[in-house]
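Next up, structure tokens for two forms of one chain, structure 1 and then structure 2.
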Structure 1
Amino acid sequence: MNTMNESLHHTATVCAVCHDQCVSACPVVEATHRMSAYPSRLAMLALEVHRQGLPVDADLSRALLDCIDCGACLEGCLYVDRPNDVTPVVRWARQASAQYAPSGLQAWSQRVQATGSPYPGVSEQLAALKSALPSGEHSSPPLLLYVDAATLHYAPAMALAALQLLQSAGKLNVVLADAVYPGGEWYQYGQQDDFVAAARRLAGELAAIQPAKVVALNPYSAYLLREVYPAQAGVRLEAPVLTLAEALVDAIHGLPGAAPRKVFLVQSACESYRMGGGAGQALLEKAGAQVSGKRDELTFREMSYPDGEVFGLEPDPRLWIQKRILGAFQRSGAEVLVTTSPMALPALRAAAPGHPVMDLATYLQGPG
């Protein structure tokens, strides 16, 4: 069995001996009251796997699923200046117990290997989006709008709205990538070989296109391409990677814009906790909106698991998160709930029937 490297062992040890300062921030602990979700307990499990003090079996694999990699624990970490991130340790332990991974992940991986996407209908959605690209020759270097499989599956209208916004901002030479699966679930579950292959496949396509910039519509994909690929897959993209909000924040005055409204912004978890807070609030305020809410209420913790399932967790922490967001939205008095996350869009609409819920790109387009 593989053992932890020195860096992972240090991280696991620091978390294992801590007194769980971060637990109050964990949505899984608050939703399920399961002590196995405590970061210190997860670190202990990983250390025992390293020491071969625990059997590597299905029970261990299920326990390791309690971490959803949202990054909320980093906010409550005792080491304020340099938070100790336990998630790489959890991913290592998952890799060690990969033979007991949930069956849903196996089916997920098979679909990706067969079709390039874990979701049905993605190739048709991508073809429809390509048909909206402007025609003709362009002298400027291409801008690559990276629309991943999750966005095409959960929020295809968001992808079209983003393309139109970029064109309104003067970005006429916009291109799309064919490699729509960036490997997020493989990364989360510790399937390193598959994850690295996905990263290299996308990087190879981008190297052939040579875009000046990459705008990743799904913030989680931006996080993968910008931070995870170099650190975990040894793949560094030549072009800078931006979220849609980052790409538009300096061009907002050239956009059609929505009428100023009081907005409740729901950000992606990786924006809030792993990417410096994101640019969504600044973008909306430049557009004239009044943005309400506290950061912990503005965050949608993506559950990056096959088909939106969270295996082994009852009650499902996503329902708790959605209830919390809806309650905060109702208390805020905001007129519209806007999210930067395509994966959040259908979940929030289901949680808030009768309330206006929009993605960031559609909101910025304004009426019509």
Structure 2
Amino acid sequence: MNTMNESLHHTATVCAVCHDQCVSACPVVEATHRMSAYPSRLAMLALEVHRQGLPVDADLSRALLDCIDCGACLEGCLYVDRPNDVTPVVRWARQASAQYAPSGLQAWSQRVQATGSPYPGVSEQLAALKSALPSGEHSSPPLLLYVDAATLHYAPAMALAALQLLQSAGKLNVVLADAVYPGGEWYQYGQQDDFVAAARRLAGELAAIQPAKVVALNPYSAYLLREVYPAQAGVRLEAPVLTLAEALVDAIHGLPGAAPRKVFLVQSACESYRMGGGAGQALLEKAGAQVSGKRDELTFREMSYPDGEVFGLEPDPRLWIQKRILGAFQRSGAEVLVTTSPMALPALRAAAPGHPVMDLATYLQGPG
């Protein structure tokens, strides 16, 4: 396995002897009361793996899987000026115990190997989306709208709305990729070889297309392609990778007439903490919306699997996250809850029954 590099070792050393100011922000601790979710303890475990002070076994693997990578601990990190992100340290340690991964991940991997997607029905959704692409010859290099398997499964309407928004913004030469699974779960849960293979497969397809830029509809995929592929898989894409909000921020000049103006924005941790803050708020405000509240964690594992697939934690920390979001949304006075993350949509709708919950593209495009 890889050795712990200097950066990871520094973060682990910092976190392992911390006073745990981030703990009250952790939804897993709140939901499950499991001490193994404490970031400081996860860092301890990783350092012990590094110095071979702890047996690598199924128990260690289970403890390491308690972190759901939501990024809430970054919000609570007492190192105010430079938050230490413990999640890469956890991922590093997960690689060490990958052979003890639970059966849920094995089944997940088998589905991806067999069909190219962990979810059913994705190829049909992709075909439908392709049929909506504008026809005709274009001289300019294409823009690749990267719609991943999670988006096709959970939010196909978001993909269509995004496509229409890009066309409205004059982006007519839009193409889609066939490699819809970017390997996020493999990265998260330490299946490094599979993750690198997924990165290379997608990079190979993009090399053939040679897009001018890539717009990744799911912010988590943008994070993978832009930040994680080069750093963790040694795969650097030629074209710049943007989130949808980043791609549209200079092209949106108004909201649909019927759109509610007061918005509560839910961004993902990978946007807010790991990719410079996210452009969602700037985009919404430029379009004329009033962002009256915002949450900046969320949306990897905790919100991603409405059916409890892969690795269920009991009690389910998603319930706590939903409760927190709903409370903040209601206190904000916003009329609509808008998320940049397609993966979070089902859970957010479950959290706020009776309240309008929309993805960013559908909100900007308007219903219908």
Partner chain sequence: MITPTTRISTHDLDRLKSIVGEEYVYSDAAARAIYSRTVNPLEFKRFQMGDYSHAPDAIVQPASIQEIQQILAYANQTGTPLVPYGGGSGIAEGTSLGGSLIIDLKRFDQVRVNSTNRTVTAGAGVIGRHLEEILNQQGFTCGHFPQSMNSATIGGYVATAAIGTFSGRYGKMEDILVGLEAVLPNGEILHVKPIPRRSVGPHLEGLMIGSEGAFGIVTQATLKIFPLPEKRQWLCCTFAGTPAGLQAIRHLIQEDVRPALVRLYDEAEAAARIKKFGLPHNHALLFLAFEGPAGLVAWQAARAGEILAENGATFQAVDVALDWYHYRFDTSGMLRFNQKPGSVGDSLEIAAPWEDIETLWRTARAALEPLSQAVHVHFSHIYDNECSAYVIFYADSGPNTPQAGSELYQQCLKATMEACLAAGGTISHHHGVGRTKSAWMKMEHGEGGWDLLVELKHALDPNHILNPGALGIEK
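Only the largest set of C-alpha atoms that superpose within 1.5 Å between the two forms is called the rigid core. Each residue is numbered by where it sits in the sequence of structure 1, with counting from 1. Being a predicted model, the structure only gives us computed values, none of them experimental.
K.L.:
Does structure 1 or structure 2 depict the form predicted on its own?
P.N.:
Structure 1, which is the form predicted on its own, differs in this respect from structure 2.
K.L.:
Superposed on the rigid core, does the Cα of residue 328 end up 2 angstroms or more away between structure 1 and structure 2?
P.N.:
No.
K.L.:
Checking residue 64 here: with the core superposed, does its CA move 2 Å or more between structure 1 and structure 2?
P.N.:
No; that C-alpha moves by less than 2 Å between structure 1 and structure 2.
K.L.:
Please state how many degrees the smaller rigid part turns against the larger between structure 1 and structure 2.
P.N.:
In whole degrees, the smaller rigid segment turns 12.
K.L.:
Aligning on the rigid core, what is the distance the CA of residue 8 moves between structure 1 and structure 2, in angstrom?
P.N.:
C-alpha shift for residue 8: 4.1 Å.
K.L.:
Cα of residue 29: shift between structure 1 and structure 2 in Å, core-fitted?
P.N.:
Looking at the C-alpha of residue 29 between structure 1 and structure 2, the offset is 2.6 Å.
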